[in-house]
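This document opens with one chain alone, in C-alpha cells, the form predicted on its own.
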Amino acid sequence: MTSILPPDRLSLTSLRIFVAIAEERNLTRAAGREAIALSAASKRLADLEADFGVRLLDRTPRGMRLTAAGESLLHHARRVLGAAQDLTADMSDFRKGVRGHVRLLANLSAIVAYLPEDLERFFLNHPDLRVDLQERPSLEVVRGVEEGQAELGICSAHADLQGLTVVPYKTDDLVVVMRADHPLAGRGPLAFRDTLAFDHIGLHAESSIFMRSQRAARDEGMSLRRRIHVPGFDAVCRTVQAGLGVALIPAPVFGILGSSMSLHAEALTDPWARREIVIVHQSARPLSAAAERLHDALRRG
C-alpha cells in the first residue's frame, strides 16, 4: 500500500506548477508560465501523483483535465500557496514597520460607493496596517472567505451566507439609469416591470444585480432584454450614455458616476430594489488583530 505523503515533504514549487498546469490545461503553456523546462514540469507532476498515489490529471484531445483528486488538490493548493504568499508579505511588512496585513474581498458596489471613504478614515487611525482589497462578485466573496482566501468579505445579503458570521454594513437602493431623453425619464418611481419593454445593459452575469434583475423578470413572466454585458459601473453609464439601453445601478453609484454624464435616474418601487450589504467572516476562525480593527472600523462606518 502506498504510504501517505508527510505534510513536511510537500513542495510549494510543485504545488505552484500543478496549479499552473490545472489552470492552463496544457503542460507546455504551464511550463512557459512558470519559466521552467517542460521536462521539469512533467516530472513535478509525475512526482506529485506518485507521492499521493492518485492520478491528478488526464490527457484529452482538448488538453489536460483534472480528475476528482486533482480538483481537490487544486482547491487545497490554492489555499496553501495563498497562505504562503500572505506569510511572506506579512513578514516583509513587519520588517518595514507595518504591524498587520488584512485581505479583504468586496463586491463592486461596495468598492465604488463606500470603501474609499471608509478606508481613508481607517488608515488615518491605523497607518501601520495594510489592506489587500480585491473585487469579486458577491458569490465569489462568500466562497473566498469560506476557503480562507480572505479574512473579511463585503457582499450582498442575498448571497448564501450560511455558516458565516454576518454584520450589517450598508443599505442602498437600485435605480434605473437612462438618458434624459428616454421615454421613461420623468415617469418614476417605476415598477421594474415597466422597464422590461426596453433593452437592458447589465453587469457581468455573476453580479448580484444582474442575477436579481433576471429573477425579477422571470417572476413577472417576462424576459430581460439583455443588449450587452459590461464589466463595471463606469462602462454601464457610458453605454447608457451612448443610447444602448437602460441599466440598474445602486443610487450612491449613480451619484458618483451618472450625474457627471448628464444621465437620468428613476427610483424603483419593487421591494427587492432595497439592498443590504454585509460584512462576513468565518465563524469558526477568530480574526487576526488587524482584521478585527478593520472589521470594527467598517461596522462603525
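What you see is a predicted model, and the numbers here were worked out from it, not measured in a lab. Throughout, we count residues from 1 along the sequence that is shown. In this text, rigid core is short for the largest set of C-alphas that superpose within 1.5 Å between two forms.
Keep in mind that the form predicted in complex with the DNA is not shown, yet the notes after this line are about it.
> Would Ser39 count as touching the DNA in the predicted complex under a 4.5 Å heavy atom rule?
Replying inline: Looking in the predicted complex, residue contacts with the DNA include Ser39, since a heavy atom lies within 4.5 Å.
>> So, Arg44 and the DNA: in the predicted complex, are they within 4.5 Å at any heavy atom pair?
In response: Yes, Arg44 sits close enough to the DNA in the predicted complex that at least one of its heavy atoms falls within 4.5 Å.
>> Ala69 versus the DNA, in the predicted complex: is there a non-hydrogen atom within 4.5 Å?
In response: No - in the predicted complex, heavy atoms of Ala69 and the DNA never come within 4.5 Å of each other.
> With the cut-off set at 4.5 Å between non-hydrogen atoms, does Met64 touch the DNA in the predicted complex?
Replying inline: Met64 belongs to the contact set for the DNA.
> Between the options Leu244, Ala235, Ile256, Leu27, which residue brings a heavy atom to within 4.5 Å of the DNA in the predicted complex?
Replying inline: That would be Leu27.
> Which of these stretches, 259 to 267, 272 to 280, 53 to 61, 244 to 252, has heavy atoms within 4.5 Å of the DNA in the predicted complex?
Replying inline: Going by heavy atoms within 4.5 Å, the stretch is 53 to 61.
> Would you say Arg293 moves between the shown form and the other one, meaning its CA shifts by 2 Å or more once the core is fitted?
Replying inline: Where the cores coincide, Arg293 shows only a C-alpha shift between the shown form and the other one that is less than 2 Å.
> Has the Cα of Ser14 moved 2 Å or more between the shown form and the other one, judged after a core fit?
Replying inline: After core superposition, the displacement of the Ser14 C-alpha between the shown form and the other one reaches the 2 Å mark, so yes.
> Do you see a C-alpha shift of 2 Å or more at Arg25 between the shown form and the other one, with the core held fixed?
Replying inline: After core superposition, the C-alpha of Arg25 moves 2 Å or more between the shown form and the other one.
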